[in-house]
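Only one chain is included here, represented as structure tokens and corresponding to the form predicted alone.
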Amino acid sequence: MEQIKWVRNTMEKSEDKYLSVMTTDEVEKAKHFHESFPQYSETPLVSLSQLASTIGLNSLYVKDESYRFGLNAFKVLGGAYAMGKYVAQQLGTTVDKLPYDVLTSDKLREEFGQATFFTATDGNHGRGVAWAANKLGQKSVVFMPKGSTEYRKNQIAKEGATVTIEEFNYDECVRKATAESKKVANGVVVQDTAWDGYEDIPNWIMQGYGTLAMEASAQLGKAGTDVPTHIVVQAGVGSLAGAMVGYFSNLYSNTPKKPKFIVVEADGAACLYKGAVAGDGKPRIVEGDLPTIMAGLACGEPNTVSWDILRNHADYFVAAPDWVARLGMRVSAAPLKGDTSIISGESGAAPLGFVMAVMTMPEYASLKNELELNESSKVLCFSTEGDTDPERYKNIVWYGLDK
């Protein structure tokens, strides 16, 4: 069995200029925007208290994003907010003046006109962009990487998008989306990865993701955990990880003891981990087909903004083999008596799978000690998607297959 790889963050700090992207004030604007949607409701923070006690933790919480806007994944938070911010920018106003009922009005459509939003996706982000574009009466074009499933493609098409599965990886799809957007009038790339010259929209997407962090922090407080000791978050390009680490770093900036931030990637696409291993502060790229069942994490080129946040504030980077995700999926689906079941997809289950492996497998005892995971630990994980590919989910959870 492939081993989990990990590295402690020893990179020299940068000037940390991007932490301000995820201030509580900025995230609050995004949350108010999302709250204006009739589809909005707070997703559950599940306390797995029986499991925590059994594996030797004080408490274990999982933020369950399978309920988000009826789309079975968190990604819509970023795409919708970025599109709202973009429309506001084009109209010379601010996003707080564009709640859902205004954004979707005939009057605004006349003022703004017709745009086509382009994106690359394994499924969740593209579906979120397509859904938001459809609600706003706009067009969307979605490119999916090699290996994407027909089911996920069809879910995006149902939202009115033009969608294709390409013969290359995610990062090449990003480049295609960018190139194609320049060929049409009012073509706009809505991508959660940043590069030099393309930062505003990725920053807005990260702020949109902040809604789930702000919800989680309030829910933790109600549960009696003001500050968790450990926050474990998955990463593809790193936008969600940067958003979560950035938000909680700002939120707990005056806390005597901050949480340990642990970033978990798919071993087949562990660009952040490789950057941390190199230790020079420069991002690294993983090329090729990026083989992993964690389709949402199969990204080989980091978001430069989130990389800078993680470089300064993440404590550990982890490269997890696929069995870690499968373990997390099964434990989520069949918890101990008294705990709530969570339908967690391949990318969604990686953090919980990692915690389970570290707490229960003897070969990771030294990592458990290094991370100070023990009976005093209060751990927060994120399940970012439900069964976004139901057949694959059943194959893994019901039949014990690899994918």
Ligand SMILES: Cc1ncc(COP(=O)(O)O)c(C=O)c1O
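Residue numbers here begin at 1 and follow the sequence given. Please read all numbers here as calculations on a predicted model, not as lab measurements.
The discussion below concerns the form predicted together with this ligand, not included here.
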Only one of 158-166, 292-300, 320-328, 181-189 sits within 4.5 Å of this ligand in the predicted bound form by heavy atom distance, namely 292-300
query: Any of the heavy atoms of Phe117 lying within 4.5 Å of this ligand in the predicted bound form?
result: no
- Asp308: heavy atom within 4.5 Å of this ligand in the predicted bound form? no
Check your understanding: Does Ala235 make contact with this ligand in the predicted bound form, using a 4.5 Å heavy atom cut-off?
Key -> yes
Open item on the list: My question is simply whether Leu240 lines the interface with this ligand in the predicted bound form - judged by any non-hydrogen atom within 4.5 Å.
Closed with: yes
The listed residue (Gln207, Asn124, Ser332, Ser140) that reaches within 4.5 Å of this ligand in the predicted bound form by any heavy atom is Asn124
Restricting to 2-34, the residues within 4.5 Å of this ligand in the predicted bound form through any heavy atom are none
